[in-house]
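Same chain, two forms, each on its own as C-alpha cells: structure 1, then structure 2.
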Structure 1
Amino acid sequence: MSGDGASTTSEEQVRAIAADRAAFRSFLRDHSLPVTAQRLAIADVVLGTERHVSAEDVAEMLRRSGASAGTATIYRTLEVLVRSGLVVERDFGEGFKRYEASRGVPHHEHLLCSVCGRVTEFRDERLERMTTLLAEAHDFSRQRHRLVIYGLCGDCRRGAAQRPPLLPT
C-alpha cells in the first residue's frame, strides 16, 4: 500500500471515530442522559482503539491521556455505549468483559491466548457455511453464533518452547 493509502485509512478512521462520537452525543441527548466530559473521554478511548478493551484497560488508557473517571462511571458508560449499538460487549470467560467498537465490523470469531490474553479476530466463510449446514441438519434456524478458540498465540508458544522444562520435586 502506498503512503497515501495509509494516510487515507487513518483519515477514514478519524472520521469514523468522530461520527461515532457525534452519534454517542445524540444517543445521550435522545435518552435524556447528561453529556459529560468523562463519558465522552471513555467513548473516545473505546471507539478509538482496535483492541478488545476491559474496563481496567479503559481506566489505564484514560490515565495515560491525562483524563480520569471513577470505576462506576466507566462501567455505566460502557453499558450506555453497548445500549447505543456503538460498542459490542464480549465475554471470553476470563471473569471480566471486553468491549470493541461495532463500527460496521462484519461478524467475526476470536482466538484468545490463555497466557497473555491477546485476542485475534478472524473471519472464515467456510465456518459461516458450516454453522448454517449444522443448524439445518438439526432442523434448527440459525440466528447467530459465537466462537472463541482458546490456546497459545505464536509469541507465547515460542516463549514456552524456550523455557526449560519444570523438574519434578
Structure 2
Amino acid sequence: MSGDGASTTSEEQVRAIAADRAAFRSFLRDHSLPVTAQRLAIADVVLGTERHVSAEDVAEMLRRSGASAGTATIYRTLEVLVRSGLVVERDFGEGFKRYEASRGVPHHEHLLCSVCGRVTEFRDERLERMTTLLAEAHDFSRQRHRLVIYGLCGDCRRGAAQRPPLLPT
C-alpha cells in the first residue's frame, strides 16, 4: 500500500493490473454489457494507477494517452467500475469524488496532504475493532467507517513539493 506520488510499479503490481483489466472485461461480458473502446480506456487509466483519481484526472489522463471519452461516459464508466467491485469511490470532503482501484485490498484509512493533495493509505486492525466497539457503546450498528487524517506529507513538510498533485506518469 503506497502513496500517490512515486510510481514504483513492481513486477507484482504489473501482474495485478493486468488481472484487473481482464476481470473488467469478464465483468462486462458476464453482465452482457458491450465492451467498448471508451470503457477499456477508462478502466486502463483507473486500474493502472495507484492514485486516487478524480473524474477530471481521468479525463486528463485519457487525453495524455491519446484516447478520449465524453464527461458523461467517464462518470458512467466509473459507476460500472464501482459496481464491478474493481474500483472504490471516495469522498474526502474536497468537493469532488475520487476513485481508487480496490485490488481486492481490505478496508484501509487515508492520509491526505493538505499541500499537494497526495493520498497515502494504511491499514490498522486496532482501528477496525475500535470503531465497532465505539459504535456499540452508542447504540449504533456499525456498517462501515471512514478515517481521514489531514496533514503534511514528508515532502511538503521539508518544502519539497509545493506544487499541485502530479498527474501520473
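Here, residue number means position along structure 1's sequence, counting from 1. Because the structure is predicted, anything quoted here is derived from the model rather than measured. Definition used throughout: the rigid core is the maximal C-alpha set that superposes within 1.5 Å between two forms.
Looking at the condition given, the form predicted alone, one finds it describes the source of structure 1 alone. The Cα shift for T49 between structure 1 and structure 2, taken after rigid core superposition, is smaller than 2 angstroms.
Overlaying the rigid core between structure 1 and structure 2 leaves the Cα of L134 displaced by 3.0 angstrom.
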